[in-house]
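As structure tokens, one chain now follows by itself in the form predicted on its own.
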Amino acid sequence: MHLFYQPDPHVFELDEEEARHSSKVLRLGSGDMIYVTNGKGLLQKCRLNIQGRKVGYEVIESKMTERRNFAVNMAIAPTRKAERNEWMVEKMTEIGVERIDFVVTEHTNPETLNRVVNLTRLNRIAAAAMKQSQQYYMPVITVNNKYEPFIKNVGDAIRLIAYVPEQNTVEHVFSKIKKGSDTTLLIGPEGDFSPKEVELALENGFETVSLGPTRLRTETAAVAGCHAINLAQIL
């Protein structure tokens, strides 16, 4: 199944990058069948019509696919390296995630923020991961969210913060998930959350959870948490 991404359902032509992939990599030609999604659940079966560098298509069948009956929403303090943020976006998208919100915490370096979280690039990576994993919904990605207003506006039924106080034990994230419920999991920065940030999260309905017995990098914690929530929903 050759799946392509075209966000505008009223445009019947692949963009330059998608067109090049279809003709140069996949060696597709006029008359070949492809599938196109807009990243919002629409799936179209199409017949290619290639004229020079222009790769158009005719829609043969079209349907809306159903969303899952739960949502996995990840709120993450960005790492200090762009490639690590991009890697976690790619992997969480492959696993299954509805939202990825990058949150600015006390330990976030504001001078490097715009360099390490490039929204245009992150959306492009998410689109590629969506296609690769044969999904039809692309996660919503936001950046530069201020911590306090973000925390106060999370409305999901299950609100979790990955944080284990010293000399204390908390339950694993897996045990907190309720099937069919939307979940927000908050992942901290290098250096962890400040005590004030943890207190604010608890005051706004978040519960502390563990991601396991080892200390994880931010990007590893995000992927592990995303996978745990998905697994808890389907088992």
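The first residue of the sequence shown is number 1, and the count goes up from there. Source: prediction; values computed, not measured.
We do not show the form predicted together with a further copy of the same chain, though everything after this point is about it.
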| item | value |
| --- | --- |
| 4.5 Å heavy atom contact, residue 224 and a further copy of the same chain in the predicted bound form | yes |
| 4.5 Å heavy atom contact, residue 35 and a further copy of the same chain in the predicted bound form | no |
| Contact label in the predicted bound form: residue 19 to a further copy of the same chain, heavy atom within 4.5 Å | no |
| Residue contact check: residue 91 to a further copy of the same chain in the predicted bound form, 4.5 Å heavy atom | yes |
| a further copy of the same chain: the contacting residue among 109, 134, 153, 114 in the predicted bound form [heavy atom, 4.5 Å] | 134 |
| Contact stretch among 206 to 214, 180 to 188, 22 to 30, 50 to 58 - heavy atom within 4.5 Å of a further copy of the same chain in the predicted bound form | 206 to 214 |
| Joint contact, 119, 121 and 193 to a further copy of the same chain in the predicted bound form, by non-hydrogen atom at 4.5 Å | no |
| Interface residues of 65 to 101 toward a further copy of the same chain, as seen in the predicted bound form [heavy atoms, 4.5 Å] | 83, 84, 87, 90, 91, 94, 95 |
